[in-house]
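In the block that follows, a single chain appears as structure tokens, in the form predicted alone.
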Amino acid sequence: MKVTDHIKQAKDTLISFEILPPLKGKGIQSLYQHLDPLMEFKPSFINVTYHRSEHMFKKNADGSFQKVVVRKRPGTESICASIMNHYSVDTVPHLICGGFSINETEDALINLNYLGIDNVLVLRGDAAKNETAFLPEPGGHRYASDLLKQVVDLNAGVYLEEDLKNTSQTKFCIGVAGYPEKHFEAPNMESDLQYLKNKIDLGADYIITQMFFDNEKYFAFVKACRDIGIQVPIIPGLKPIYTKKQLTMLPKVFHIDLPTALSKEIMKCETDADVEKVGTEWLLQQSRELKKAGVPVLHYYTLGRPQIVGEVVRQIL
């Protein structure tokens, strides 16, 4: 079922989770062990992230170096299919620009369609670790809006090979990312919102936000979206804090602010166990306020900490 159909049929705020694929070398059971404690909450859908390949240099016996491509986590197609088969829950694979040509993207979409997966989250993706700015793959998309248009075209039966006749149309429900605190590359919030509106006008069906820790920023973001004519569902993305290191890591990596009250409480903590208690309570209060406000879905970035998310969700259902 499509994400938007879940939202339309819901009588209350829904729950969804986001997970990482297992590292290469790990079996599928490692993924199930992560998800098993969360399935009691009957999530409406599960997002599966995608991580682009990395370029590394391997030293040869003669002392020379060879450039090799390393993908530390497998693709999302098989992971999503496994989750759907094992739990009978809908999945949302992330689709990124980085590391893919348009032909490889089309093949991935065709495979997802064959597997019965009818949701995708379209993202540009991050720059490669050895790059200071995002560079598209040769023959790939530079912007998420270009990738979005390819999905929309396939939904209309338009394939890259123009001479194909009687083509089958896909039926992907398309999500895009929104940034309550502005994408770090956008010059200002106004231009960032215009880029987002362009994606909606191109055919995106809903928005999932970057993580935030101040609900007022989410509410202001939703109002700003509505004011410029964006009417699709806007799903808040939530993440627990559980280590002091995150006080510096999260702002640096994700370009977000942490509320002063939260950072002060964390700085008082003597251990990461104490931080986890503070972070859990903060996430719980965020969730309660958002649910009371009638958000369509509470989307949790579990990413290795399902027990914290499970504790919070158990108290709000």
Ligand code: FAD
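Numbers follow the displayed sequence, beginning with 1. Keep in mind the model is a prediction, meaning the values are calculated, not measured.
One more form of this protein should be noted, the form predicted in complex with the ligand, which is absent from this view; the next part is about it.
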{"query": "Every residue of H94, H183 and Q210 near the ligand in the model of the complex, heavy atom within 4.5 Å", "finding": "yes"}
{"query": "Stretch in contact, per heavy atom within 4.5 angstroms of the ligand in the model of the complex, of 109-117, 152-160, 238-246, 201-209", "finding": "201-209"}
{"query": "Any non-hydrogen atom of T49 within 4.5 angstroms of the ligand in the model of the complex", "finding": "yes"}
{"query": "Any non-hydrogen atom of F219 within 4.5 angstroms of the ligand in the model of the complex", "finding": "no"}
{"query": "Non-hydrogen atom contact I174 with the ligand in the model of the complex at 4.5 angstroms", "finding": "no"}
{"query": "Non-hydrogen atom contact Y195 with the ligand in the model of the complex at 4.5 angstroms", "finding": "yes"}
{"query": "Contact residue in the model of the complex, chosen from I230, I234, I83, A144 - any heavy atom within 4.5 Å of the ligand", "finding": "A144"}
{"query": "Partner contacts for 1-37, taking the ligand in the model of the complex and a 4.5 Å heavy atom cut-off", "finding": "E18"}
